[in-house]
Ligand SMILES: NC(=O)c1ccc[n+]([C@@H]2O[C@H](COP(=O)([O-])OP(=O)(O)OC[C@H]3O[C@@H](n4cnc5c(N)ncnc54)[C@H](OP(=O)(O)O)[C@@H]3O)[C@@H](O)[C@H]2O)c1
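The data below hold one chain only, encoded as C-alpha coordinates and taken in the form predicted on its own.
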(Lines give C-alpha, C1' and ligand atoms only; values in the text may rest on other atoms or scores of the structure.)
Protein backbone atom coordinates (compact mmCIF):
# COMPACT_ATOMS: atom_id res chain seq x y z
CA UNK A 1 0.00 0.00 0.00
CA UNK A 2 2.84 2.38 0.84
CA UNK A 3 6.60 2.21 1.31
CA UNK A 4 6.19 1.68 5.07
CA UNK A 5 3.05 -0.45 4.74
CA UNK A 6 3.48 -3.81 3.03
CA UNK A 7 0.70 -6.39 3.19
CA UNK A 8 -0.13 -9.73 1.62
CA UNK A 9 -2.34 -9.43 -1.46
CA UNK A 10 -4.70 -11.93 0.12
CA UNK A 11 -6.22 -10.30 3.17
CA UNK A 12 -9.19 -11.11 5.35
CA UNK A 13 -12.45 -9.18 5.64
CA UNK A 14 -13.88 -9.36 9.14
CA UNK A 15 -17.47 -8.30 8.35
CA UNK A 16 -18.89 -11.81 8.70
CA UNK A 17 -17.55 -12.22 12.23
CA UNK A 18 -20.58 -10.30 13.53
CA UNK A 19 -24.06 -11.78 13.77
CA UNK A 20 -26.62 -12.17 10.96
CA UNK A 21 -26.75 -9.15 8.63
CA UNK A 22 -23.57 -7.86 10.34
CA UNK A 23 -25.62 -7.03 13.41
CA UNK A 24 -25.10 -8.21 16.98
CA UNK A 25 -22.75 -10.93 18.24
CA UNK A 26 -21.87 -14.10 16.32
CA UNK A 27 -23.57 -17.37 17.19
CA UNK A 28 -20.17 -18.86 18.04
CA UNK A 29 -17.64 -16.37 19.35
CA UNK A 30 -14.95 -19.03 19.79
CA UNK A 31 -15.26 -19.93 16.10
CA UNK A 32 -14.83 -16.26 15.16
CA UNK A 33 -11.68 -16.07 17.26
CA UNK A 34 -10.40 -19.25 15.64
CA UNK A 35 -10.88 -17.84 12.12
CA UNK A 36 -8.82 -14.75 12.94
CA UNK A 37 -6.02 -16.77 14.51
CA UNK A 38 -6.00 -19.12 11.50
CA UNK A 39 -5.77 -16.12 9.14
CA UNK A 40 -2.60 -14.97 10.88
CA UNK A 41 -1.26 -18.54 11.00
CA UNK A 42 -1.76 -18.76 7.22
CA UNK A 43 0.45 -15.71 6.77
CA UNK A 44 -2.24 -13.09 6.11
CA UNK A 45 -1.05 -9.64 7.20
CA UNK A 46 -4.04 -7.50 6.14
CA UNK A 47 -7.32 -7.53 8.08
CA UNK A 48 -10.17 -5.26 7.00
CA UNK A 49 -12.74 -4.21 9.57
CA UNK A 50 -14.99 -1.38 10.79
CA UNK A 51 -16.28 -0.47 14.21
CA UNK A 52 -19.81 -0.24 12.80
CA UNK A 53 -19.73 -4.00 12.12
CA UNK A 54 -21.87 -5.32 14.94
CA UNK A 55 -21.57 -2.46 15.88
CA UNK A 56 -18.31 -2.77 17.86
CA UNK A 57 -18.51 -6.57 17.91
CA UNK A 58 -16.01 -7.33 15.15
CA UNK A 59 -13.28 -5.06 16.50
CA UNK A 60 -13.72 -6.45 20.00
CA UNK A 61 -13.31 -10.00 18.65
CA UNK A 62 -10.20 -8.97 16.68
CA UNK A 63 -8.68 -7.59 19.88
CA UNK A 64 -9.60 -10.71 21.86
CA UNK A 65 -8.13 -13.02 19.23
CA UNK A 66 -4.96 -11.22 18.19
CA UNK A 67 -3.90 -8.54 20.69
CA UNK A 68 -1.03 -7.85 21.19
CA UNK A 69 -0.74 -7.78 17.42
CA UNK A 70 2.33 -9.09 15.59
CA UNK A 71 4.39 -6.34 13.98
CA UNK A 72 3.65 -7.76 10.53
CA UNK A 73 -0.14 -7.49 10.94
CA UNK A 74 -1.92 -4.39 9.60
CA UNK A 75 -5.54 -3.61 10.43
CA UNK A 76 -7.50 -1.41 8.03
CA UNK A 77 -10.74 0.13 9.28
CA UNK A 78 -13.51 2.38 7.95
CA UNK A 79 -15.45 5.34 9.27
CA UNK A 80 -18.35 7.31 7.84
CA UNK A 81 -21.33 5.12 8.76
CA UNK A 82 -23.27 3.92 11.79
CA UNK A 83 -25.75 1.12 12.55
CA UNK A 84 -29.17 2.14 13.80
CA UNK A 85 -31.55 0.04 15.90
CA UNK A 86 -33.14 -1.44 12.76
CA UNK A 87 -29.77 -2.52 11.38
CA UNK A 88 -29.58 0.18 8.70
CA UNK A 89 -26.31 1.89 7.70
CA UNK A 90 -26.88 5.67 7.92
CA UNK A 91 -24.03 7.98 6.98
CA UNK A 92 -22.00 9.50 9.81
CA UNK A 93 -19.77 12.06 8.11
CA UNK A 94 -20.06 15.01 10.51
CA UNK A 95 -16.70 16.05 12.02
CA UNK A 96 -17.64 15.04 15.56
CA UNK A 97 -18.95 11.67 14.33
CA UNK A 98 -15.73 10.95 12.45
CA UNK A 99 -13.52 11.88 15.38
CA UNK A 100 -15.58 9.70 17.71
CA UNK A 101 -15.44 6.82 15.24
CA UNK A 102 -11.64 6.99 15.15
CA UNK A 103 -11.45 7.01 18.95
CA UNK A 104 -13.90 4.08 19.11
CA UNK A 105 -11.76 2.07 16.68
CA UNK A 106 -8.63 2.82 18.70
CA UNK A 107 -10.37 1.76 21.92
CA UNK A 108 -12.03 -1.41 20.67
CA UNK A 109 -8.95 -2.58 18.76
CA UNK A 110 -6.56 -1.68 21.59
CA UNK A 111 -4.32 0.55 19.46
CA UNK A 112 -2.58 3.88 19.91
CA UNK A 113 -2.71 4.63 16.16
CA UNK A 114 -4.64 3.08 13.28
CA UNK A 115 -2.66 1.75 10.29
CA UNK A 116 -5.22 2.80 7.68
CA UNK A 117 -8.58 4.52 7.97
CA UNK A 118 -10.86 4.52 4.93
CA UNK A 119 -13.49 7.22 4.63
CA UNK A 120 -16.65 5.39 3.53
CA UNK A 121 -18.74 7.74 1.45
CA UNK A 122 -21.34 5.83 -0.58
CA UNK A 123 -23.84 3.09 0.12
CA UNK A 124 -23.18 -0.62 0.18
CA UNK A 125 -22.45 -0.90 -3.54
CA UNK A 126 -22.41 2.55 -5.16
CA UNK A 127 -20.84 5.96 -4.49
CA UNK A 128 -22.81 9.00 -3.43
CA UNK A 129 -21.70 11.96 -5.61
CA UNK A 130 -20.63 15.22 -4.06
CA UNK A 131 -17.75 16.87 -2.27
CA UNK A 132 -15.93 14.90 0.42
CA UNK A 133 -13.54 17.71 1.33
CA UNK A 134 -14.97 18.36 4.79
CA UNK A 135 -15.00 14.77 6.12
CA UNK A 136 -11.68 13.88 4.50
CA UNK A 137 -10.06 16.98 6.00
CA UNK A 138 -11.15 15.76 9.45
CA UNK A 139 -9.29 12.48 8.88
CA UNK A 140 -6.26 14.34 7.54
CA UNK A 141 -6.20 16.37 10.76
CA UNK A 142 -6.39 13.19 12.84
CA UNK A 143 -3.49 11.86 10.79
CA UNK A 144 -1.51 14.99 11.64
CA UNK A 145 -2.32 14.34 15.30
CA UNK A 146 -0.71 10.90 15.00
CA UNK A 147 -3.90 8.87 15.48
CA UNK A 148 -3.97 7.60 11.87
CA UNK A 149 -0.92 6.48 9.88
CA UNK A 150 -2.44 6.26 6.38
CA UNK A 151 -5.67 7.34 4.70
CA UNK A 152 -7.90 5.61 2.19
CA UNK A 153 -11.35 5.87 0.63
CA UNK A 154 -14.31 3.52 0.26
CA UNK A 155 -17.22 3.58 -2.20
CA UNK A 156 -16.11 6.70 -4.04
CA UNK A 157 -15.93 8.18 -7.53
CA UNK A 158 -12.81 9.17 -9.46
CA UNK A 159 -13.69 12.82 -8.82
CA UNK A 160 -13.88 12.25 -5.08
CA UNK A 161 -10.52 10.48 -5.14
CA UNK A 162 -8.92 13.45 -6.91
CA UNK A 163 -10.50 15.84 -4.40
CA UNK A 164 -9.15 13.82 -1.47
CA UNK A 165 -5.68 13.69 -3.01
CA UNK A 166 -5.65 17.49 -3.14
CA UNK A 167 -5.94 17.40 0.67
CA UNK A 168 -3.72 14.45 1.68
CA UNK A 169 -2.18 11.34 0.09
CA UNK A 170 -4.20 8.13 -0.01
CA UNK A 171 -2.86 4.56 -0.05
CA UNK A 172 -5.96 2.59 -1.06
CA UNK A 173 -9.45 2.71 -2.55
CA UNK A 174 -12.10 0.16 -1.60
CA UNK A 175 -14.98 -0.13 -4.08
CA UNK A 176 -17.52 -2.65 -5.40
CA UNK A 177 -15.90 -4.56 -8.25
CA UNK A 178 -15.75 -8.10 -9.62
CA UNK A 179 -15.78 -10.07 -12.89
CA UNK A 180 -19.40 -9.18 -13.59
CA UNK A 181 -19.37 -5.58 -12.32
CA UNK A 182 -16.47 -3.72 -13.89
CA UNK A 183 -17.39 -0.05 -13.85
CA UNK A 184 -14.06 0.70 -12.14
CA UNK A 185 -11.82 -0.78 -14.86
CA UNK A 186 -10.40 2.61 -15.85
CA UNK A 187 -10.06 3.69 -12.23
CA UNK A 188 -8.10 0.55 -11.32
CA UNK A 189 -5.60 1.23 -14.09
CA UNK A 190 -5.26 4.87 -13.02
CA UNK A 191 -4.61 3.91 -9.40
CA UNK A 192 -2.11 1.24 -10.44
CA UNK A 193 -0.13 3.90 -12.29
CA UNK A 194 0.00 5.84 -9.00
CA UNK A 195 0.95 2.78 -6.92
CA UNK A 196 -2.32 3.06 -4.98
CA UNK A 197 -3.95 -0.19 -3.87
CA UNK A 198 -7.43 -1.08 -5.07
CA UNK A 199 -9.42 -3.31 -2.72
CA UNK A 200 -12.57 -4.76 -4.33
CA UNK A 201 -15.41 -5.98 -2.16
CA UNK A 202 -18.29 -8.36 -2.99
CA UNK A 203 -16.19 -10.63 -5.29
CA UNK A 204 -19.36 -12.60 -6.10
CA UNK A 205 -21.85 -9.76 -5.61
CA UNK A 206 -24.45 -8.68 -8.15
CA UNK A 207 -24.10 -11.63 -10.52
CA UNK A 208 -27.03 -12.62 -12.74
CA UNK A 209 -27.91 -16.34 -12.91
CA UNK A 210 -26.36 -16.54 -16.39
CA UNK A 211 -23.14 -14.92 -15.20
CA UNK A 212 -23.02 -17.27 -12.23
CA UNK A 213 -23.46 -20.24 -14.57
CA UNK A 214 -20.51 -19.12 -16.71
CA UNK A 215 -18.29 -18.69 -13.64
CA UNK A 216 -19.40 -22.04 -12.26
CA UNK A 217 -18.61 -23.73 -15.59
CA UNK A 218 -15.02 -22.46 -15.55
CA UNK A 219 -14.65 -23.41 -11.88
CA UNK A 220 -15.89 -26.96 -12.55
CA UNK A 221 -13.36 -27.48 -15.35
CA UNK A 222 -10.58 -26.29 -13.05
CA UNK A 223 -11.81 -28.41 -10.13
CA UNK A 224 -12.11 -25.22 -8.10
CA UNK A 225 -14.88 -23.26 -6.41
CA UNK A 226 -16.48 -20.21 -8.07
CA UNK A 227 -15.11 -18.07 -5.24
CA UNK A 228 -11.57 -19.34 -5.88
CA UNK A 229 -11.84 -18.53 -9.58
CA UNK A 230 -13.31 -15.09 -8.87
CA UNK A 231 -10.46 -14.30 -6.47
CA UNK A 232 -7.82 -15.60 -8.87
CA UNK A 233 -9.27 -13.46 -11.66
CA UNK A 234 -9.08 -10.37 -9.46
CA UNK A 235 -5.45 -11.02 -8.56
CA UNK A 236 -4.56 -11.39 -12.23
CA UNK A 237 -6.61 -8.35 -13.23
CA UNK A 238 -4.06 -5.83 -11.89
CA UNK A 239 -1.02 -5.96 -9.58
CA UNK A 240 -2.43 -3.24 -7.31
CA UNK A 241 -5.51 -5.30 -6.36
CA UNK A 242 -5.67 -6.59 -2.79
CA UNK A 243 -8.33 -9.07 -1.67
CA UNK A 244 -10.38 -9.12 1.54
CA UNK A 245 -12.80 -12.06 1.23
CA UNK A 246 -14.71 -12.69 4.42
CA UNK A 247 -15.86 -15.88 6.06
CA UNK A 248 -16.79 -17.15 9.50
CA UNK A 249 -15.44 -20.63 8.73
CA UNK A 250 -11.85 -21.81 9.09
CA UNK A 251 -12.40 -24.32 6.25
CA UNK A 252 -13.67 -21.60 3.88
CA UNK A 253 -10.78 -19.36 4.87
CA UNK A 254 -8.31 -22.06 3.88
CA UNK A 255 -10.20 -22.60 0.60
CA UNK A 256 -9.98 -18.88 -0.18
CA UNK A 257 -6.24 -18.77 0.47
CA UNK A 258 -5.70 -21.86 -1.67
CA UNK A 259 -7.92 -20.45 -4.42
CA UNK A 260 -5.90 -17.28 -4.61
CA UNK A 261 -2.93 -19.41 -5.69
CA UNK A 262 -4.86 -20.55 -8.76
CA UNK A 263 -3.38 -19.32 -12.06
CA UNK A 264 -5.84 -18.80 -14.89
CA UNK A 265 -4.77 -19.37 -18.50
CA UNK A 266 -5.17 -16.75 -21.22
CA UNK A 267 -8.16 -18.64 -22.62
CA UNK A 268 -9.78 -18.88 -19.19
CA UNK A 269 -9.26 -15.16 -18.61
CA UNK A 270 -10.84 -14.39 -21.99
CA UNK A 271 -13.84 -16.56 -21.13
CA UNK A 272 -14.24 -14.98 -17.74
CA UNK A 273 -13.92 -11.46 -19.16
CA UNK A 274 -17.03 -12.21 -21.23
CA UNK A 275 -18.99 -12.48 -17.98
CA UNK A 276 -18.87 -8.69 -17.51
CA UNK A 277 -22.28 -7.04 -17.53
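None of these values were measured; they are calculated from a predicted model. Numbering follows the first chain given and starts at 1.
One more form of this protein, predicted together with the named molecule, exists but is not displayed; see below.
The closest non-hydrogen atom of residue 236 lies beyond 4.5 Å of the named molecule in the predicted complex. Among heavy atoms of residue 15, some come within 4.5 Å of the named molecule in the predicted complex. The named molecule in the predicted complex comes within 4.5 Å of a heavy atom belonging to residue 48.
Using a 4.5 Å cutoff between non-hydrogen atoms, residue 203 counts as a contact of the named molecule in the predicted complex.
Residues of just one listed stretch (190-198, 101-109, 151-159, 67-75) have heavy atoms within 4.5 Å of the named molecule in the predicted complex: 151-159. Taking 124, 113, 94, 183 one by one, only a single residue has any non-hydrogen atom within 4.5 Å of the named molecule in the predicted complex, and it is 124.
Checked against the named molecule in the predicted complex, the candidates 63, 56, 252, 29 yield a single residue with a heavy atom inside 4.5 Å, and that residue is 252. Contacts with the named molecule in the predicted complex, taken as any heavy atom within 4.5 Å, map within 234-262 to 244, 245, 246, 247, 248, 249, 252, 255, 256. Compared with the form shown here, the Cα atoms of residue 210 and residue 125 sit 3 Å or more closer together in the predicted complex. Inter-residue distance, residue 208 to residue 200 (Cα): reduced by at least 3 Å in the predicted complex versus the depicted form.
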